[in-house]
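Next up: a single chain in structure tokens, the form predicted alone.
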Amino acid sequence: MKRSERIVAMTHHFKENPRKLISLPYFVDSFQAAKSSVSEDIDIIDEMFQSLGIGRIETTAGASGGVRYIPDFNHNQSRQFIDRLIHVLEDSKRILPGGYVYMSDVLGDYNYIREIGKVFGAAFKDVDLDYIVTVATKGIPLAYAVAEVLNVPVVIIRRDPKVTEGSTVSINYVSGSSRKIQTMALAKRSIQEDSNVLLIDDFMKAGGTIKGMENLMQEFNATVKGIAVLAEAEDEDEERRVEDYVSLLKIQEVNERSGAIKVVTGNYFNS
């Protein structure tokens, strides 16, 4: 195999297996190449990843060592995407009764979801995670997009337990928007005890749902290593129940009468 062909194949393997430790002998055996040649190939790939702002190759020394691809999305690329998202969401036709903003089309668009996954993946690329946890239903595509970047499984919390999931753990929580008592449940076999999790949701107002997710994770002795929300609402009348989180967007104003929507960048670049 020519070097150019080998580099293409190795690049594909890294992109398909982010954050997975791969031993050098694996590449040596797969491509029937000398270890020194494989090392040079990896240096070339690493240099190109970094120049494009899409990640780096991390090397671990020792008998059990190897190399792994750490995905990234540089700040310039993230800013450009978030600005584009703001432009899309500030369309007055998106205003819904009650002062909400229609975002279902964005959450259903693969191109948007893939970019959101890259942006959040960059924020948590160095965090040791076992699961991405979200609550049904609109957070599901976000969770899978981030999981693809970070190479970890997705766990979905339900508001109505499914009989096909077996025995569940349920808790009651206070919804931040409606102030009503609601229930969320998770199958007992979904998460192993003492796991590290990242919580993801599409929208946060007062943070009642996220707080409920945190409380549910305590039932599994899981450690919440981070919280990511696509959009947060700016509501001065309601106390925020969650403080340590990362948001891409902040919806500052939704005026049904004038048809004005004001969306700004969230706290992503402050985290």
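In this text, residue numbers run from 1 along the sequence as written. Please read all numbers here as calculations on a predicted model, not as lab measurements.
Although not depicted, the form predicted in complex with a further copy of the same chain is the subject of the following passage.
- None of the heavy atoms of Asn74 is located within 4.5 Å of a further copy of the same chain in the predicted complex.
- Remark: Thr183 does not count among the residues lining a further copy of the same chain in the predicted complex, judged by a heavy atom distance of 4.5 Å or less.
- Put simply, Arg79 is far from a further copy of the same chain in the predicted complex: not one heavy atom of it is within 4.5 Å.
- Under a 4.5 angstroms non-hydrogen atom cutoff, a further copy of the same chain in the predicted complex lacks Lys262 among its neighbouring residues.
- Shown here without its partner, the chain carries Tyr102, Ile113 and Glu165, all of which come within 4.5 Å of a further copy of the same chain in the predicted complex through at least one heavy atom.
- Interface residue among Val174, Ala136, Leu89, Ile171 relative to a further copy of the same chain in the predicted complex, by the heavy atom within 4.5 Å criterion: Ala136.
- Among Met48, Val28, Val224, Ile70, the residue placing a heavy atom within 4.5 Å of a further copy of the same chain in the predicted complex is Met48.
- In summary, the region of this chain contacting a further copy of the same chain in the predicted complex, judged by heavy atoms within 4.5 Å and restricted to 38-46, 225-233, 60-68, 240-248, corresponds to 38-46.
- Shown here without a further copy of the same chain, the chain has Leu52, Ile54 in 52-74 lying with a heavy atom within 4.5 Å of that partner in the predicted complex.
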